[in-house]
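Quick heads-up: it's one chain on its own, the form predicted alone, in structure tokens.
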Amino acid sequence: MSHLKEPLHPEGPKLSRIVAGMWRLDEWSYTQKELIGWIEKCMDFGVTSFDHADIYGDYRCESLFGAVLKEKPGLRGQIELVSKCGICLISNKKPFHKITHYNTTADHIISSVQQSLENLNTDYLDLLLIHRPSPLMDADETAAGLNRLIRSEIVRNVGVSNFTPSQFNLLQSRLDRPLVTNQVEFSLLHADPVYDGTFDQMQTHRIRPIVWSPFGGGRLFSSDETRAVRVRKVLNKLAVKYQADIDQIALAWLLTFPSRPFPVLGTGKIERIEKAVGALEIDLERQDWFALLEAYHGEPVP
């Protein structure tokens, strides 16, 4: 299903249209054999991109995934590895971290990437993201580290996560290569990127965002908060019309945006991955799309 792989940026990598998120990998309690099977099934459905961060699972998830690549090194050339750095958590593995903080210095970025490569049993990352913007980010310093990694070819592409448009522009102004994405929170419960300029900026430069928490951390399906109840009512109605599940309708809504986001699904259940891929085939009518936007706001569009 290679047709599911599309470019993030005119000069950037191709990722699968649905990205598998690894932030809960340690909670799935898969044996290595089971994890290999899960990865291979993802690939069967055309999901070949896997989203990591150095901190996931208290700094454990990358190594769990890397053990698979050590056992089956042939998989590496068939998948895309994304990882992130810059957040420093309090952890027994990092005894020198006394407080949660951000570090976007060149030395920290480079050492984090080297550790991620070791953890993942690979010699390059397809995409590295700065995980969060730091108030202490010196754009020259951060860019120097990223430029060095790109020149060394152990990082093929760079981007950011959770950056505002102005923060994105600041870092881009110092880089030798384009930032190829901004990974941001986006769902029918959190549509800020539509209104804060993030998606406008992405479309202006023909950059495609990656979006995390496309179901609001599951709140879209279970929360009794007013917005979730409103949106869920419309999702259920449209699910009948399109003969689909409500999670597929929610993804179809997201996928309709002209910036053409890549959603990250943090699930270990392969049936949910399969359903997400099925959402790519749903073409929401414009008025149905706006019915969900109306439910998000709780009032008709002006």
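All figures in this text were calculated on a predicted structure; none of them were measured in a lab. Residue numbers here begin at 1 and follow the sequence given.
One more form of this protein exists, namely the form predicted together with a further copy of the same chain; it is left out here, but the text below deals with it.
Query - Joint contact, Y124, G217 and I273 to a further copy of the same chain in the predicted bound form, by non-hydrogen atom at 4.5 Å - result: No.
Requested in this report: Mind telling me which stretch in 219-227, 111-119, 199-207, 77-85 gets its heavy atoms within 4.5 Å of a further copy of the same chain in the predicted bound form?
Outcome: Only one stretch passes the 4.5 Å heavy-atom test: 199-207.
Report task. Give a yes or no for Y56: in the predicted bound form, does one of its heavy atoms lie within 4.5 Å of a heavy atom belonging to a further copy of the same chain? Result -> Contact with a further copy of the same chain, no.
Query raised in the report: If you check in the predicted bound form, is R151 within 4.5 Å of a further copy of the same chain, heavy atoms only?
Result: No.
Report task. Answer for E11 alone: is it within 4.5 Å of a further copy of the same chain in the predicted bound form, judged on heavy atom distances? Result -> Heavy-atom contact with a further copy of the same chain at 4.5 Å: absent for E11.
**Report entry** a further copy of the same chain contact at E71 in the predicted bound form, heavy atom, 4.5 Å
**Finding:** E71 lies outside the contact set for a further copy of the same chain.
Report task. Could you check which residue among F45, F262, F257, F50 gets a heavy atom within 4.5 Å of a further copy of the same chain in the predicted bound form? Result -> Of the listed residues, the single hit is F257.
Query - Residues within stretch 127-147 having a non-hydrogen atom within 4.5 Å of a further copy of the same chain in the predicted bound form - result: Those in contact are R132, S134, P135, L136, M137, D138, A139, D140.
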